[in-house]
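The chain below stands alone and is given as C-alpha cells, in the form predicted alone.
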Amino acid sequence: MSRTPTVPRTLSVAALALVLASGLVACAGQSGSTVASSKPVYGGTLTYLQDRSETCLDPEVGGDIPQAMIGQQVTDDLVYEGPGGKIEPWLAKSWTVSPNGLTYTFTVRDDVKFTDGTAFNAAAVKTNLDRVVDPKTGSSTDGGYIAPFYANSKVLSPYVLQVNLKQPDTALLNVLAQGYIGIESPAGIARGQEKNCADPIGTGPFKIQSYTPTQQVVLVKNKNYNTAPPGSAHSGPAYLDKIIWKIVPDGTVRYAALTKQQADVIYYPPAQDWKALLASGQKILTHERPGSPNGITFNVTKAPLNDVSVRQAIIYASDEATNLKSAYFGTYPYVGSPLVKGTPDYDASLQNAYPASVSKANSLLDAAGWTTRDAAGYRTKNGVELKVTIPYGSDAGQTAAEDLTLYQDIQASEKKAGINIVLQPIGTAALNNLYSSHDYQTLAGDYWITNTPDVLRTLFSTQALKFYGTNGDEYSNPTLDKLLNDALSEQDATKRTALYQQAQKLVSGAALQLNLYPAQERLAYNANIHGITADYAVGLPDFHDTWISK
C-alpha cells in the first residue's frame, strides 16, 4: 500500500526496536507488545484515530493500507506468518505442496462460522480466491499477487480444497498470510460489491456495526470468536467491546486529541512530538513493514531520467541519512537498498550502494554532457536546464508534514550538484490522472508493502508494466524478468535467495528510485492501553489482545 493514492502498496516482518539518536526508546511491535501491569480485563470502548479512509472497506477490492487495517480486525487469514517468516496454520489446519509446486491442498477448520452465522469451509476459500483473481473485483493487490499464477480451485470435500497453479509461485503462502486476503463470507460477497464495501463479513474478532464514509467505522466484538492466530496472547473473543475508528487526516489534530484524552490510540504521531509523548507517559509502537522502502520513483521513459547516469547522480547528490535526521528528528533509518531489511532474501550489501557524494554526482553529470550552468547555478545541456519535477499529494492526509520537509531538504541537496528539483503540490484527483496518463517524471511517497521479495516483480517487471499498472518506473528489462520468474519458480531456498539477490543488484544499479526510509506501523497510545500488537506479515495493527486498565 502506498501513500501515493493511485498505487496500492502492500503489506517476514522484523519488529524494529527503534532506539533513536535523541535517546528515546519506542515500544516494539507484536514481538514485544506493551507489558501490562495487571491482569487483562474485558470490556470498554477504544477510540482510534486513523489518517485516511477508503470508499470501500473490503480489502479484497482495491487493497490499500486503510482497508487492510480494518480487514485485520474483521477477517482471519488462511495461514499465519510468525517470527522469521515461518508460515503456520490458522483457518487452514494443514496443507501439502506437490513436488512441482503447482498444487496446494489445504485442510481447513470445521468449527468456524462467519459473523453472519454461515459456516466457513473449503467452498468459502474457493469463493474468495476466485473473487480476487476476477478483474471485475478490482483487486489491485491480491489480483496482482495471485492472478498471474492461479488456475483454479477444486473442493475435494467439505473441508479440503485443492488449489491449482499455472506456474509455480513460491510466494503464495506468504501472500495468503496477508490481511489483504482475509477470508470473507460467500453470503456477504453475494450481496454485491456496494454492500460488501460498507460491511465486509469475516470470522475475525470484530464485526462492523456501522460505517460513515470519510468519518468513522464502529466495530463491535464478535462474541463467538474462536480462531485466534498462533501469535495471540489469548484465545477466544477480544477483550474490547467496541472500537470507534475515526478518520482524522491532520496529524497535529490526532496528537492533540491523544494528549487531551479524547482518543486512546492514534496512527502516525508527528515525529516532532515523540519526545513530548514519551515524557508524558504515553507510548509509541513501531513495527517495520517489509517490501520496498518509501521513496521517489523515477519514470525512466521521461528525459532527463531516461539516462541512468542522471538517475545515479540524483541519488549520489542527496544525503538522505542527514535529510532524514532533519525531517523526521531521527525517528527513521535511511534505507538505500531496493528491499527493506525485514524482507526475505534482503541483500545487505546494497544498503550503501550510493553513499552521499556531490563530487560523484558532478562527475556523472559532466560525463553525461550536463557541463554548463545557467544564472541560477543549475546545469544545462544544449540549452535545456537539468530539471526534475516531484509532484506530491496536497490534500489532507496525503503527504505528512515531515515528508514535505524531507522533499525540501532533497531539493536543497540536489541544488549543490546543479540539479533543479521542482516540488509540485497537486490534489488527489489530479494526481490520479497524472499517474494514469503516465505523464510524470517522478512519483513521491511511493512504496509497496509485502512480505516477499516478489515485490521486485510487482514494481519493476515487464509483466507489471503491461498488465498491472504497478510499475511506476516504466522499466522493462528481459534479464530482470527472467531472474524474477526463475526465483518465483525455484523450490530450493538457497538457489532462490541467490536469484533474488542478483535481481536486487540489477535494480540497484539501474537507479530506479531514490530510496528513503522503511514504511512502518506507528501508533501512539495512552498508558492505560495494553496489548496492542502488529502482525508479522505486513505490520497491520491488531486489537484482539488489546485491553483498557481502569
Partner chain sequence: MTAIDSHTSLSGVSSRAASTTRLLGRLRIGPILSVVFLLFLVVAVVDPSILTHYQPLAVDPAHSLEAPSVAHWFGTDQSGRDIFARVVYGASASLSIGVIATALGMAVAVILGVIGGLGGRFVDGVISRVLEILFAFPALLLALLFVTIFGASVTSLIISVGLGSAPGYARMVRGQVIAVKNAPYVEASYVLGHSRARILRQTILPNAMRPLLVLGTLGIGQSIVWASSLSFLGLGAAPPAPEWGAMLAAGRDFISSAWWGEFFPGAMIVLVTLATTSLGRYLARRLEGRGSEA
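Predicted model only: the values in this text are computed from it and were never measured. Numbering follows the first chain given and starts at 1.
The same protein also exists as the form predicted together with the partner chain; that form is not shown, yet it is the one meant from here on.
Proximity of residue 408 to the partner chain in the predicted complex falls within the 4.5 Å heavy atom cutoff.
Mapping the unseen interface onto this chain, residue 272 counts among the residues with a heavy atom inside 4.5 Å of the partner chain in the predicted complex. Heavy atoms of residue 448 never reach within 4.5 Å of the partner chain in the predicted complex, leaving it off the interface. Remark: residue 162 does not count among the residues lining the partner chain in the predicted complex, judged by a heavy atom distance of 4.5 Å or less. Of the residues given (367, 156, 279, 423), 423 alone sits with a heavy atom within 4.5 Å of the partner chain in the predicted complex. In summary, among the residues 392, 267, 149, 120, the only one with a non-hydrogen atom within 4.5 Å of the partner chain in the predicted complex is 392. Between 224-232, 201-209, 322-330, 437-445, the stretch whose residues reach within 4.5 angstroms of the partner chain in the predicted complex through a non-hydrogen atom is 322-330.
Taking the partner from elsewhere, no residue among 348, 354 and 493 has a non-hydrogen atom within 4.5 angstroms of the partner chain in the predicted complex.
Annotation for 229-253: interface residues with the partner chain in the predicted complex are 250, 252 [heavy atom within 4.5 Å].
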